[in-house]
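Consider the single chain below, provided in structure tokens and representing the form predicted alone.
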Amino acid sequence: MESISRGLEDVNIKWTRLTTIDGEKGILWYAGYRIEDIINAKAKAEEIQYLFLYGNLPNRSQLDDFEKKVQQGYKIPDYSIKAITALPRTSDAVALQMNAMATFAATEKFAWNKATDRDTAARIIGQMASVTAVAIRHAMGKEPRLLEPSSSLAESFLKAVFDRSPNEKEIEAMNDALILYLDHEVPASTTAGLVVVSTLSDMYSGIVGALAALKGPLHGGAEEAAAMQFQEIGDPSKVDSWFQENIKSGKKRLMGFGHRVYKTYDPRAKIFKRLAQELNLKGAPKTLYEIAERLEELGIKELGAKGIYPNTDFYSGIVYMGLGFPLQNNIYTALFALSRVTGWMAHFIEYVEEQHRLIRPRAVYVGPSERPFVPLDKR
């Protein structure tokens, strides 16, 4: 029997200049820049978005021009807003993003064009930000509010969602989250989007396809599952007994641990952990952080020898909660999508412009051999 690669593991589907990972050493590079260096240099998310779309870090003039293009996307049409607000407030936030982005696929006359694709992608970043803000506010019982220009995308987004001016630490944490989830080579969502655009369907439809894949609990939904796991434990004093009863016994999987590529500590998880510490958490987020820290210690002791360590989802939900985002309606996955939309589009552009070929795999047939077809009245 011919072999197949279950889950397409270790199958390369494209060349890329965007992201590469050393899973053994726990290193993540964005276009040659280590993720830790980007965060430690306090780069703006817009700088890294520009890097992914245009290939180099921007100078001041280029960054200013790019930010204006992103801000042009902030004002989304009423029908895109209604694609969100017409649905129940209990609706899945990622599905709401899909609904709204599909309105652009229906109405915008998109055609792949090397001269304009990157500028279009910049505008879509702004559209996705307003879509996400409206979706989250809808879940929170608030009326729609779109982003308005400010000093950064992170600041504009937090202002739109929460109707208040965020402090510097909050802006920094949101900005860094936008960078940390921006891209990660070709996971399920990026692959799904690439399949869509390989047909030369439009950029928006590729994003809708990617969102559908991200929505699953084994991909973007994992960060919400990790935070819910901490909520289930409830108190730091209960971590040890919960671990013994659920993880040591094999009854449950430790959410936020393990990765298809990383065999050591995910570098993004280390940064999210630091961001959680710097947010001066109080109340429920502080309790969840204390639970997570103890659970991390037990998890590494039990699973580290197998190459299973915390991934980016382990602490990110606590950061989002610390910023004020409620743990409901898949909102944390929608925040993941807001970051990842840039990586998706950068991969789409790279593939369509340089390597385009319809993605059409084959399957190994294991069904019956040829059989005579018997008419219905003779069966």
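All values reported here derive from a predicted model rather than from experimental measurement. Numbering starts at 1 and follows the sequence shown.
What follows is about the form predicted together with a small molecule, which we do not show.
- Here the chain stands alone, but in the predicted bound form its contact with the small molecule, taken as any heavy atom within 4.5 Å, falls in 257-265 among 136-144, 106-114, 257-265, 200-208.
- Under a 4.5 angstroms non-hydrogen atom cutoff, the small molecule in the predicted bound form lacks residue 329 among its neighbouring residues.
- Proximity of residue 233 to the small molecule in the predicted bound form falls outside the 4.5 Å heavy atom cutoff.
- In the predicted bound form, residue 89 stays away from the small molecule, with no heavy atom inside 4.5 Å.
- Contact between residue 164 and the small molecule in the predicted bound form is not found at the 4.5 Å heavy atom cutoff.
- Interface residue among 222, 98, 173, 239, judged by heavy atoms within 4.5 Å of the small molecule in the predicted bound form: 222.
- Site annotation in the predicted bound form: the residue of 195, 102, 303, 81 reaching within 4.5 Å of the small molecule with a heavy atom is 303.
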